[in-house]
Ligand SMILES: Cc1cc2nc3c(=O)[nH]c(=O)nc-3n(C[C@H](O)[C@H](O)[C@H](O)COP(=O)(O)OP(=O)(O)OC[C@H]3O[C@@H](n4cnc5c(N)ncnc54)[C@H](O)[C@@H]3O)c2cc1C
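Next up: just one chain, as structure tokens, the form predicted alone.
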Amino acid sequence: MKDTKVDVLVIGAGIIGISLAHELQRSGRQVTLIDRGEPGMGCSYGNAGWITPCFAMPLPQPGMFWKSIGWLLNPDSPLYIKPQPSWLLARWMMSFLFAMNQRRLTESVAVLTDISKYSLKFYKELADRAPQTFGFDQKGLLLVSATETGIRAAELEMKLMNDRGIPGEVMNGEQVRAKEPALKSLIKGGVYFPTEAHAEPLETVKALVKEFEAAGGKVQSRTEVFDFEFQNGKIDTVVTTRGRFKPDLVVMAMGSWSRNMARRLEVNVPLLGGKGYSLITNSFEQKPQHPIMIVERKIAVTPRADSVRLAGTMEIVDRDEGITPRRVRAILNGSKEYMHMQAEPEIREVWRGLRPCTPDGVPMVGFSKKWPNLFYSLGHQMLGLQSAPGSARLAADLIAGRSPITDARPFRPERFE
């Protein structure tokens, strides 16, 4: 196979990889983007499609310790940590527990909100440039609950996000149902965030690929990395199934699969997969008009052009891509409990994917200590779509040596390397 000299080689063409490739290309770098599959066909295919800065929260949060113990024992819980004999899981869990404190939460929310707000602005501009190509719609987001505990949790989240400049409105049950008639009468109240948005995740990737290629960027699909060669303390050659690349800069953006690649580079990337599911259906007596979060069930409801996406659950696993039927049923039954759906809904599609989760819930964005021409952009947990453009801008700032758009310290990879 021949050697191809490239300026920047981005490995991974999900929403994180294409956003960074797009940002670097338009800033003057010459970028080649490769993926073992097709762009956007991993976790960027089946996620809820939300662009919601109000959910810029890390996975570990204060007070979750006893809940996490319960999750170990309950496979039907919204977040299930699958017991398995694994040193990786044990170390990951210890770091996860240590991150459950108010200081880390405050620090993480500040920077995750910054990059999410940047992303919302970016997508609005992309929609202006490419109207009706990726389903961008800014109808806001409803958090709804059938319990006083759930309502209080939604109100606390609203207050936290109000402090970060994200408006929200408390609603009683009657107001929520008037806003969204698809909800049943058991809803007692909730919160409405009016400025949040949603889009079609795969079509968003395609829109970015189109702009990236129009700017001179190159995309090479079905190209799998299987080896590296080194020289003078740097990555000299990336060996793939479709050629050898000699890059000045390598960007690792492979999501949950980055950990396997990191082993070949002898660096530590402590990612576990957060397996999530989504279902496509149109079996509603009245189709929802707004994105909805069912607080108790942690189910995300997203209206689409001709259907509705129901997404939810989180299984912390290693590389298990299997489908657990009881998790699928939990999403469907929870949706039927809270919404006006047909008794026997028709499911068009069941999807699952592994969201890349760091132990502290904050992505790794920055240069490797071991390899000076290796840059990480990974570990965005459930916030991939909503944080990708902001994360890409942060990464491009760091690569160019500019002042970053937000505090880069919480993202530093050396906290794990």
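All residue numbers refer to positions in the sequence shown, first residue = 1. Just so you know, these numbers come straight off a predicted model, no measurement behind them.
Although not depicted, the form predicted together with the ligand is the subject of the following passage.
K.L.:
Which one of these stretches, 166-174, 317-325, 247-255, 342-350, sits within 4.5 Å of the ligand in the predicted bound form when only heavy atoms are counted?
P.N.:
Heavy-atom contact with the partner occurs in 247-255.
K.L.:
So in the predicted bound form, does residue 49 come within 4.5 Å of the ligand, heavy atom to heavy atom?
P.N.:
Although the ligand is absent here, residue 49 would touch it in the predicted bound form, with heavy atoms inside 4.5 Å.
K.L.:
Within 4.5 Å, heavy atoms only: does residue 29 come near the ligand in the predicted bound form?
P.N.:
Close contact is absent here: in the predicted bound form, residue 29 is far from the ligand, nothing within 4.5 Å, heavy atoms only.
K.L.:
Given that the ligand is not shown alongside this chain, does residue 195 nevertheless sit within 4.5 Å of it in the predicted bound form, heavy atom to heavy atom?
P.N.:
Residue 195 lies outside the contact set for the ligand.
K.L.:
Taking heavy atoms and a 4.5 Å cut-off, does residue 225 contact the ligand in the predicted bound form?
P.N.:
So residue 225 counts as contacting the ligand.
K.L.:
Using heavy atoms and a 4.5 Å cut-off, decide whether 60, 104 and 412 all contact the ligand in the predicted bound form.
P.N.:
Judged in the predicted bound form, none of 60, 104 and 412 sits within 4.5 Å of the ligand.
K.L.:
Considering the ligand in the predicted bound form, which of 127, 311, 267, 146 comes within 4.5 Å of it through any heavy atom?
P.N.:
So the residue touching the ligand in the predicted bound form, by this definition, is 311.
K.L.:
So which residues in 382-410, when you check the ligand in the predicted bound form, have a heavy atom no farther than 4.5 Å from it?
P.N.:
Result: 382, 383, 384, 385, 386.
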